[in-house]
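Okay, here we've got a single chain as structure tokens, the form predicted on its own, with questions on binding and movement later.
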Amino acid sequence: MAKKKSVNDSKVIMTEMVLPNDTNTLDNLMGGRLMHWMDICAAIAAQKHSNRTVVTASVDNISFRKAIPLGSVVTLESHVTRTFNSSMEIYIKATAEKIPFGKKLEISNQAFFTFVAVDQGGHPIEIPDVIPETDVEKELNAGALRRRQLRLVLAKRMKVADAKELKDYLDNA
């Protein structure tokens, strides 16, 4: 297995300004545009961790908590939470602010993306483990296995009976 890397090695912060071409008829950021930005930010984090070409394998639920109005500056932050053999889970959050008004909005969106590192032929390739250091990083890392099992069960690639960590978690919730 390749050398281990810290979560900080994969951290990405990206900013975008919401322009008229990015908005819907209510002058708010279109959800598809935000998902596009999130995918790019998460892909960069995955590439930084793996030093490989990566492809999006899945995106967990993205719920839109707050509308992001025209003229806002959107900040996207992402990092690897956990790695598996060739795949990695990326946590991403989006916040927005209206800088001229000094108005900062709360987190408008957050999600977990899964990426797979591939070689030049497009075949999955082994990646380094990630080392969580802070309490938040450790909590995200611990939950990643349950989230992975849930993704696999929903995709019918794993039987519920085989999702031990997820089952144990739900039984004790």
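Since the model is a prediction, treat every value here as computed from it, not as a measurement. In case it trips you up, residue 1 is the first one in the sequence shown, and so on.
Another form exists, predicted together with a further copy of the same chain; not displayed. Remarks below refer to it.
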item: Partner contact for residue 124 in the predicted complex: a further copy of the same chain, 4.5 angstroms, heavy atom; value: no
item: 4.5 angstroms heavy atom contact with a further copy of the same chain in the predicted complex for residue 142; value: no
item: Proximity of residue 134 to a further copy of the same chain in the predicted complex, heavy atoms at 4.5 Å; value: no
item: Residue contact check: residue 138 to a further copy of the same chain in the predicted complex, 4.5 Å heavy atom; value: no
item: Residues in 27-56 with any heavy atom within 4.5 Å of a further copy of the same chain in the predicted complex; value: 30, 31, 32, 33, 35, 36, 39, 40, 44, 47, 48, 51, 52, 53, 54, 55, 56
